[in-house]
Ligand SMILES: Cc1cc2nc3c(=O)[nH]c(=O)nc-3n(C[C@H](O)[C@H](O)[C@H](O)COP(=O)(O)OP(=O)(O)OC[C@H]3O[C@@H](n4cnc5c(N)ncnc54)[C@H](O)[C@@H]3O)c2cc1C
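Next up is one chain by itself, shown in structure tokens, the form predicted alone.
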């Protein structure tokens, strides 16, 4: 469908990491953008996230690689330990050898820090309009453009719409229509400590994962080492929609009872936990329809076991902008090309994240087999095993 795609703004629903990355990427290609955030301010709920080499390729294209690294922590390794015996199961070096293999670093950062970097980039671009308190209710694709409707009765007109409105996306409802997310049966508790509040003998520069029976606990430094991120995950049938509910410590202790003193001592340091129920969806091939497409969790929500949610959303943003720039007068075709570029890669991450969750939470014989298999792997074996992920974009 013809028409100059740079005359009308591209509308973006959602001001998280994916939405801001998409706005910045599209503006770099000369597209005017109007981005709508439902809350009263632009902020990122959560704590630490891990950043593989693949997101740094995307950030390089966005011109933000060094800005993100300036706030991040680069661990020297990633290790798995058995939460019952304390034995080291496997360690992956993340230093020079890793950098040389993947031509990029591995880093961990606070969600707020990478979000703030993207927000600043968008605020400094006069092609981008950022609007708060605009909760999406519905949209209409009229063929020549899209009308976005908000819950307060207001509307916005644009040449296209990108739904970056997350796991519970209103935009996805009209394109895919697959109902509520799939509840994994796992709950994550998270907290952040200041460096000085972490016992000296427990502080580690690495990403450390303690794998237990139907549980795991991971910790690593944040914000140049000034903070310490803790995430505890266990099996539960509880379901609460959202990412930031206050969590019950007694429930946590019941699941981690009997684990290593290192784990229990770290958990004792936390006064207030926040929680979220881990959900995903089945991978889909079609997430674009006419002048509307999806990005990030709205398109392919995934469990956090591969630590790729923000990474995949940022990759999406780069590819969306590339395809839109290649066909600015036919955005429906551009959106189909973007979808075609992304669906197999993101679908593989969705599926493999589930598999990794089973590995982390193995018990009994399955845990022994996991430890035996991973214990025999060399660093090169480990690198080759994730080359499909960290080596791509």
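Residue numbers count along the first chain shown, from 1. Bear in mind the structure is a predicted one, so any value in this text is a computation, not a measurement.
What comes next is about the form predicted together with the ligand, which is not displayed.
- Residue 49 belongs to the set of residues with a heavy atom inside 4.5 Å of the ligand in the predicted bound form.
- When contacts are judged by a 4.5 Å heavy atom cut-off, residue 37 counts as touching the ligand in the predicted bound form.
- Within 4.5 Å of some heavy atom of the ligand in the predicted bound form lies at least one heavy atom of residue 276.
- For the chain shown alone, residue 162 is not a contact residue for the ligand in the predicted bound form, no non-hydrogen atom being within 4.5 angstroms.
- Residues within 4.5 angstroms of the ligand in the predicted bound form, judged by any non-hydrogen atom, belong to 309 to 317 and to none of the other stretches in 309 to 317, 207 to 215, 258 to 266, 282 to 290.
- The partner is absent here, but in the predicted bound form a heavy atom of 111, alone among 81, 111, 223, 186, sits within 4.5 Å of the ligand.
- The contact residue chosen from 195, 135, 182, 174 relative to the ligand in the predicted bound form is 135, the criterion being a non-hydrogen atom within 4.5 angstroms.
- Contacts of stretch 327 to 353 with the ligand in the predicted bound form, defined by any heavy atom lying within 4.5 Å, are made by none of its residues.
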